[in-house]
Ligand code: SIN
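Take a look at this one chain, the form predicted alone, written out in C-alpha cells.
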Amino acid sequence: MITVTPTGAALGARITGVDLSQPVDDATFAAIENALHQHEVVVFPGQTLTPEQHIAFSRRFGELEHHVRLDRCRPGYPELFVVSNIIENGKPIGSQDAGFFWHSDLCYAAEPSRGSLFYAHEIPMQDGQPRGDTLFASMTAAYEALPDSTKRTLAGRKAVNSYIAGYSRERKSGPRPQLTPEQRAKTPDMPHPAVRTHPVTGKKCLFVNEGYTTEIVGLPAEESRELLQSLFEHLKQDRFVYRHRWTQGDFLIWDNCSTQHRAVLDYELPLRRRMERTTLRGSVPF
C-alpha cells in the first residue's frame, strides 16, 4: 500500500509501498503524481532499477528529453544523463560539475523541463556518513513570501535564461570543455516569465535562478542586477529549503516548475558518486 509522508520542510515527501521495478497501476500512479504536485519533491527509498526500468517508469509522466551533452549520457541510453565524479579509461563517465549553483533544469530551453527523475547508484560515504546532499527550494513558497512591491515589479516581466552563460561560469573543478558550435546553436538565450504559473496546480512560482538567469527584461541594467541578486538570496533561505541526504537506491523526482536545486560539494575522489537522471519534456511557461 502506498504511503506518502511529508518531510516537514517547505517541500518534499517520502513515498513507500511502491516497487518501481514493477509496472505501476493507474491508481497508484495517480497518487504518485498528486503527491509530486502537492509536495514538489518526492523520494522512493530502496529501489533497485535497471536502466530500462528507470526509463519505463519515467515515461509514465510523458515524453523524455535527450540532454544536449550526449557525451555525458549513459552509453546506449540518450535518455539517461549521468552525474558522476568517476573517471574510467581516463575519461569522466558523466557530468562532474553539475548543480554547483541554484538552478532549475533546462530553464534555458524554449520548453523547460516539467521534472527530473534521479536515481542514486553510488553515494560517497565518509566515516559512515553520506556526502553529496542535494538542496531543494520551493519556488511557490519563495514567491508567496515576497513583498507585494516586488511582486508588482515582477508582474508580467520576463527574465533571460542563458545556458551558455551558466555553462561558462567558473567552477571549483576548473573550466569545462568548450561547447561545440552545434551545441551553442541549440541553446540560444531564452526569455521566460520571471514568475510562471504551474500548468497543473495554477500556483505562481518564482522562475529566476543564479545558475542561468542573466537579466530581467525591461529594467535598467543596474536595477536588474540588484533585483536578481536579492531574489537569489531570498529563495535559498532555510524556510524554503529541503535538504535530501542520499542513500543508495533512492529514486527522487522533483518538479522543475515549482523548485530549484543545488548540489552540496563536500566530497571528491576517491569518494565515488554516480547518479542517473531522466528529464521530462515540459511546456512553454506562462
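One-based numbering along the sequence shown. Just so it is clear, the model here is predicted, and its values are computed rather than measured.
Below: the form predicted together with the ligand, not depicted.
- You can rule out all but one of 203-211, 71-79, 92-100, 157-165: in the model of the complex, only 92-100 has residues with a heavy atom within 4.5 Å of the ligand.
- Contact annotation: Ile123 falls outside 4.5 Å of the ligand in the model of the complex, judged by heavy atom distances.
- Although the partner is absent from this view, Thr134 contacts the ligand in the model of the complex, with a non-hydrogen atom inside 4.5 angstroms.
- Using a 4.5 Å cutoff between non-hydrogen atoms, His54 does not count as a contact of the ligand in the model of the complex.
- Shown alone here, Ala13 lies farther than 4.5 Å from the ligand in the model of the complex, counting heavy atoms only.
- Checked against the ligand in the model of the complex, the candidates Val83, Val195, Ala109, Ala141 yield a single residue with a heavy atom inside 4.5 Å, and that residue is Val83.
- Along 109-130, a single residue, Phe118, places a heavy atom within 4.5 Å of the ligand in the model of the complex.
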